[in-house]
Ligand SMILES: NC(=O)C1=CN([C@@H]2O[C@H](COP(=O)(O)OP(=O)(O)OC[C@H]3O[C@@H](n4cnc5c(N)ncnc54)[C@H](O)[C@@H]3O)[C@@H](O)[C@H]2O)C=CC1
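A lone chain, given as structure tokens: the form predicted on its own.
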């Protein structure tokens, strides 16, 4: 492992240099990787592993949209695509990539196929960390490992096809074979990780749930909506309000942050913009810090997990979700955004 200085704190990471793809293939040469679930993470991880030369099969419910998607992606029924139980029986490494609610439902069936020496793989620490609520308690004679790409399965696949990769965390919950770590790292390299940093299941899910509800998704939508509303109340047009709230950030500024950091983005803006940003960012931090502290406490107490399980396990979950997404999509701000996107040059 390589030692890297992250802002003054030394951490050990695994890169492709010290753990190349050839080594990953050697570690997993006798394994059958069964990807259970073909929804969010499943397609990207399964296809990347297959393209990197690993022995991969997919387990999915027959006569479902995701089964049809798997067939369209090139998985062959009876050869590389099977019913969930058959795939789980064939796999020596079972990648459990259903939704958190889906994992709870399937667990009584899946655990019957966890023969001694197999590995149970997660990309989210939810099921294990909140085992009192999920009931997911693996047998003691299997490895339990995690690789969590820091992005969606769609992004993982797109970056792989572009010759790039996402960073991932990895964790070992249970090492029954003595090979859990090398299995996890090899899988992390195989799915297309740029580098891997070690964590544990609890820290992964705490940081993940905080990020999703916070700056990655929930908070940023709230900030967008608040600024857009302020501009509209003060007489700015929808197109102007959207451009100054969302479009400039996503199309112009965030690529600069991704390229070389926040100070680099500031340095490439006008002096007036720099001054304003430097004057105001701490006020926004002070205003939001109590909300983030409240959020983390809710995650740590298991309240967010309970809310997620209760909401996502109802029969009409999908219908209710679609209604909430429709409310976002049909809001003036995001309708304005749809019009703005159509006007992008070369779009």
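Only a predicted model underlies this, so the values are computations on that prediction, with no experimental measurement involved. Positions refer to the first chain, counted from 1.
The same protein also exists as the form predicted together with the named molecule; that form is not shown, yet it is the one meant from here on.
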Within 4.5 Å of the named molecule in the predicted complex, all of 25, 48 and 91 (non-hydrogen atom) = no
Any idea which of 258 to 266, 74 to 82, 225 to 233, 143 to 151 reaches within 4.5 Å of the named molecule in the predicted complex, heavy atoms considered?
-> 143 to 151
In the predicted complex, the residue from 118, 157, 113, 124 with a non-hydrogen atom within 4.5 Å of the named molecule is 124
As a check of understanding, the residue in 288, 66, 308, 298 with any heavy atom within 4.5 Å of the named molecule in the predicted complex should be identified as 66
Determine whether any heavy atom of residue 303 comes within 4.5 Å of a heavy atom of the named molecule in the predicted complex, and answer yes or no.
-> no
Does residue 105 make contact with the named molecule in the predicted complex, using a 4.5 Å heavy atom cut-off?
-> yes
Taking heavy atoms only, is residue 32 within 4.5 angstroms of the named molecule in the predicted complex?
-> no
Does the named molecule come within 4.5 Å of any heavy atom of residue 61 in the predicted complex?
-> yes
Counting only heavy atoms, which residues in 75 to 100 are within 4.5 Å of the named molecule in the predicted complex?
-> 84, 97, 98, 99, 100
